[in-house]
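Same chain, two versions here, written out as C-alpha cells and called structure 1 and structure 2.
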Structure 1
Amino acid sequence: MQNESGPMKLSSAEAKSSSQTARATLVLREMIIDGHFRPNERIREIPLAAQLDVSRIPLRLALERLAHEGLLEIRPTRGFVVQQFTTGDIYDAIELRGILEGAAARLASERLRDSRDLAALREASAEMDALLRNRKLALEAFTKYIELNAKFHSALIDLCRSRILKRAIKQACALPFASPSAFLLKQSEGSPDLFFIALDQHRGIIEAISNRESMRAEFLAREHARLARRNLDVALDNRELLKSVRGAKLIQI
C-alpha cells in the first residue's frame, strides 16, 4: 500500500525543520494519521526511505520516535507495524487524558500561590466566551476556538507545576484522538450545546482552582474530557463526519 501513492510533497513547515530525522518524523506521522498505511501493515524501510527522500538512518530514528508515541509497534528484526485502535482504546485514551488533566487541576488547586496565576486560564476562557457569544462558529472562528482551547489546556498543565505530570500528559495526548481538540466538531456538525457546556466547565475549573476546591477541580476536569467521548459518539454515528476526524483511518470499526 505504501507505494500506491506518489512521492510526498514536503509542506513548508516540515521542510523548515533542520534535521532529516525531524522532517521524516513530521511527514511520516502525518502519513500514518492520514491513513497512508493500512493498520497492521508492516512498514518497509527501503521503499519508504526512497519515498520520503531520506536515508534509512534518519528514517529509522523517526520510526523509533513514532513507536514511542504509540503509532507504531516495534517488532525486533521484523520492522515496524502500524497500530490499530479499537473504539474502546479511544475511549480509554480520552479517559486517561481526563484522569491526568484531573490530576493537573487538583495539583493546581493545591499549589496555587496567587490568584494572578490564573490569568492565562481566565483569559483563554473569556476569549472563548466572547467567540461563542458574538456569532455562530464560522470556519475561521472555529480555528480560533481550537487554538484557545489548546491554550486553556496548556495553561492548566503549567499551573500544576509538575514536569513529571506535564510529561505524562504530553505522552498521553500524542495519540491523535486523545488530544483535547481531537474530536471538536463544528457547531453545524456536532451538538452546539457541547460548546456551551465546555465553556461552563472551563469556568467551573477556574473557580474550583481559585477556591482550592481540589476535588471539584479534579472531577470537573475529568468530566470535561468526557465531552470528547460525546463528540466521538456523534462522529461514530455519522460515517461522513468520521472521515474528517484526524486519525479516523486507524480506528477499527
Structure 2
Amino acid sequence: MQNESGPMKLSSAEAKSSSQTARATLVLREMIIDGHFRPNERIREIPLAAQLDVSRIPLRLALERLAHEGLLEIRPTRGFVVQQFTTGDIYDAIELRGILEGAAARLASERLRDSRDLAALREASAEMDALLRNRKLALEAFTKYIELNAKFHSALIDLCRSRILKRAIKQACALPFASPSAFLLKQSEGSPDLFFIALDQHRGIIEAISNRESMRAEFLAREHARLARRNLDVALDNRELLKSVRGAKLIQI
C-alpha cells in the first residue's frame, strides 16, 4: 500500500498474519500433494489451524489461494474440498502450459536483444547433455537433470519479458502434474529415451530463438510440453512407478 508520503508499512499484526498465510499455504500444498487428504475430502478448518499452529484468518486465506491454484474446490455446503483429477484434466493442464510456453518462446525470439541473453538456456542445455552422455545414470544424476530442466524452462520464460505471461504460466504449473518436471523422475525408469528427445527439442528451441524464427520457436515449445503427456502415459502404464509420483493419489484412475 502507498500514501502521499510513500509506501505504507504493515503493522506487526498484519505482517504476522501475512507470514502465517504464506507458511500455511506452503505446508498445506505439500500435504495435499503428498496425499495427506483424500480426494473429495472436506478440509476441517478448526483442527487444521491447530495442527498448523496458525489462526483461522491466515488459514482461510491459504485455503483460498490453493482453491485459486486448483488443488481445492469451494462448495457452498461443504466449504473447501480436495480436488480429484482425471487424466483428461491433466492432459488439459499440460496442453495449456504448452500453449503458454509456446507464446513465451515466440515472444522471446521477437524480443531478443542480444545473443548473449541465451546464455542461461545454453548453459542448462549443455549441462543436461553432459549428464545424459552415459545412458546408465544414477538417481543423483537424474535429480540434477530435473533441477537443470527447471532452470531451462525458467530462463525461457524470463526471455519473453512479459510479467503477465510469466504469471499465467506459474498458475498453469501450479497443479502437481502440469509442471515441466512432473514425471521426469519416473520417466528415467519407464522410458529414458524421452530424455534425449527433450534435449533435442531444447536445442531446437534455442536455435529458433537465436535465429528469431518466432513461429518455429512457438511450435517447438508447444511440442516439447507434450512430452509430459507421454511421461504421464508411461506412469499410468506402470502402477508401481505411479505410486511414487507426487500427487498420484489425487488422480482418478
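Each form is matched to the other, and the largest set of C-alpha atoms that superpose within 1.5 Å is called the rigid core. Every value quoted in this text rests on a predicted model; they were computed, and no experiment measured them. Every residue number counts along structure 1's sequence, beginning with 1.
**Student:** Sort out for me whether 1 or 2 is the form predicted alone.
**Tutor:** Pick structure 2 here.
**Student:** Rigid core fitted, is the C-alpha displacement of residue 75 between structures 1 and 2 2 Å or more?
**Tutor:** Yes, shifts by 2 Å or more.
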